[in-house]
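The chain below stands alone and is given as structure tokens, in the form predicted alone.
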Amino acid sequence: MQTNNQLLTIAVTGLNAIDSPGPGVAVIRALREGLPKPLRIIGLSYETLEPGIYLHDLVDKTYQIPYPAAGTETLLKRLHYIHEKENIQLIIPNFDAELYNFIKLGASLKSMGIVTFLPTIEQFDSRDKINLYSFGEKFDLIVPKDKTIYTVEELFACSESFGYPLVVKGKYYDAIITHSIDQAQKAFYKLSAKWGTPIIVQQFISGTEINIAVLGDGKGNTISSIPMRKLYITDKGKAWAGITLEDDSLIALAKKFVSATNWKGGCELEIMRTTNGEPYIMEINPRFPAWIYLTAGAGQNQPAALARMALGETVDPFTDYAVGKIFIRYAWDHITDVHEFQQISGFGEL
């Protein structure tokens, strides 16, 4: 870890704040609270209207980077340019779709003096939505039945196997609960148009939605796990308010996952607890959730702990956190000038 008189420069993605917000702004808030000064935050954006670009009290400078579909070589070239200007020590990516490229570039970034703290490709692939059911069987975790499909005709077999409601999921994001074959077909076309195929069709499980923010050290140890119950849910199923829970069984589940996989970095377990108490793992997101700032508020600052481990510091597992801490997401209008929008649009920097 840098001493108090050394500038620590960290680059962070996920600066958007739509109805399904990125984790970037929350990660940055946690870093600024949990790490010693001076700290310089570099935003890495994809769109010109990501609000984090213009929040200058949080982000010191932003650079646009190529979309993940452009591939690793294009991304590496852009990061070389940014690194020459900023001397980045750490990058924290926060989108599922970009993680593959950043993981593949780990050795190249390290040779430049930039570290990351990400799962391996094997870890990343094993918990993918497409592989979730076999993942659960391998590690004795409870997961709903599912089927990966490529054509809309395959929905008929899924509806016969699972019944309705039926959950139709996009390859990267979004899930739609359907109650008929017509609704399922519309969901298939909508999600395949947005994210491509395959589409994941999953057995519907009813119960209480709980998410767990987890940080693993890559050696089987759980550094932090904070369970949160959703208090307010958007029409996309995203938590707009939530409360930290005291539940040893959820902590044990997180530790079981990390121990079984040797997970490295942050992740989120999306849990549906049934009325008889069974904790179904609905998804495993391989990065910090958008509500990650709640971990800092509860006493286990996961982004700051990740940064310390990435930079070579030994971090002991957290043992306590504040139960009953609530986060409430809100919207507010940030005012900026058109010349800032023109700067990021025209030159890719602000």
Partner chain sequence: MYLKKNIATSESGFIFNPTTGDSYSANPIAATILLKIKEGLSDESIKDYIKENYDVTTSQIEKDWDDFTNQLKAANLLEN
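Just so it is clear, the structure is predicted and the values come from calculations on it, not from any experiment. Numbering follows the first chain given and starts at 1.
We do not show the form predicted in complex with the partner chain, though everything after this point is about it.
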Among the candidates A97, L245, I130, I121, the residue which, in the model of the complex, approaches the partner chain to within 4.5 Å (heavy atoms): L245
Which residue, K171, K264, R273, H83, has a heavy atom that falls within 4.5 Å of the partner chain in the model of the complex? R273
Specify the contacting stretch among 133-141, 225-233, 71-79, 181-189, defined as having any heavy atom within 4.5 Å of the partner chain in the model of the complex. 225-233
4.5 Å heavy atom contact, V323 to the partner chain in the model of the complex: yes
